[in-house]
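Presented as structure tokens, the chain that follows is alone, the form predicted alone.
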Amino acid sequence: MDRKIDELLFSLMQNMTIAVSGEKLARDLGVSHSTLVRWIDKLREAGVEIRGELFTGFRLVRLPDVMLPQLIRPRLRTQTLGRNLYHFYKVDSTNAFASRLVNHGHKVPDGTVILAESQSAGRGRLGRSWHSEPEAGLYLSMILRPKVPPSLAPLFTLATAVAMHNAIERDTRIDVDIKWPNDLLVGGKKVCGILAEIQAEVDMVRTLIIGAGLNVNHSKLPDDIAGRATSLRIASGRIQSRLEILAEFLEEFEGLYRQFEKAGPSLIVEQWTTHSSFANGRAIEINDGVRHISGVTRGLNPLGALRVEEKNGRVTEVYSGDVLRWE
């Protein structure tokens, strides 16, 4: 149904200066007038300002910032990534929807992207929730089918962070840092989180779902996270284009994905190390799920694990964990 609602909104956007009759809209979409009114109400619930004018029809009050596939596809510079696209006005989480697509036997092409204007149950790492304000953030998931063993899967999380880092800096000129393993920081505050979920055999990844939540145009954040999180709008003082950041990100990620297929993980490790202040010489404390590891970072190993030199001089390689403290 959201695909039809996208068509309705796109039609209204193409006729911004005039009111379009409900009869014409319903006829063009092949639905009843009552269904049309129900869809108009759903758009209004999503924050789209639509004026119903007596005897003349419906008109957009302002151009909405909605991630319509009709607007995204002409901007894509990718070969496969994002060419198969799902767009929702509201979903529980894009990763959860991606998992349902894969697990229910749908033939989902490599590079499928799911986008949502808002999430009712956005998720971060370790079961944490993610604040998903409508029309403000970039909430997406990618369905990938890399032909690699499970041991290489963490590299795709690093590649996502690098691609998002490059897209933000190129499009906004805001300085971005990458915090190991999968957060992006602006001014020391979190602006983007990445969550990867894997389905694999013993020796081969079957499906890799990577979700990213980027705070773009939030004018403020909830009090409980405002001290440690920010948005691109707050950091820059101006509204940013979600469409342009998305197009840049997908192009960047596909480039890294293809390079990985040709030459292996070295480029991803090299770029992550270049763009992250956490790569070398950072005092850090990590909980890897078994114990706390304290020491100084000494780069990544070839598989993307963070090397931490502990006080006794031993270097521990950490593949996943939660950063508790850093200096």
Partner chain sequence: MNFKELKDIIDYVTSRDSIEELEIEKSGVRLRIKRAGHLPPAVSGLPVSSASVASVPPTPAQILHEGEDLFYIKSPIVGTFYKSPSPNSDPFVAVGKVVEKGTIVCIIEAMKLMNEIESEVAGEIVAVLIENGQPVEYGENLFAVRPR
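Numbering follows the first chain given and starts at 1. Just so we're clear, the structure is a prediction, and the values are computed from it rather than from any experiment.
Separately, the form predicted together with its partner chain exists; it is not shown, and the next lines address it.
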Task: Selected contact from Gln240, Asn182, Thr112, Ser231, since only one has a non-hydrogen atom within 4.5 angstroms of its partner chain in the predicted bound form - done: Asn182
Task: Residue contact check: Arg73 to its partner chain in the predicted bound form, 4.5 Å heavy atom - done: no
Open item on the list: Given that its partner chain is not shown alongside this chain, does Ala305 nevertheless sit within 4.5 Å of it in the predicted bound form, heavy atom to heavy atom?
Closed with: yes
Open item on the list: in the predicted bound form, does Gly289 come within 4.5 Å of its partner chain, counting heavy atoms only?
Closed with: yes
Open item on the list: Residue-level question: is Ile18 within 4.5 Å of its partner chain in the predicted bound form, judged on heavy atoms?
Closed with: no
Open item on the list: Only one of 215-223, 76-84, 243-251, 156-164 has heavy atoms within 4.5 Å of its partner chain in the predicted bound form; I'd like to know which.
Closed with: 156-164
TODO: Go through 302-327 residue by residue and record those having a heavy atom within 4.5 Å of its partner chain in the predicted bound form; state none if no residue qualifies.
DONE: Leu303, Gly304, Ala305, Arg314, Val315, Thr316, Glu317, Val318, Tyr319, Ser320
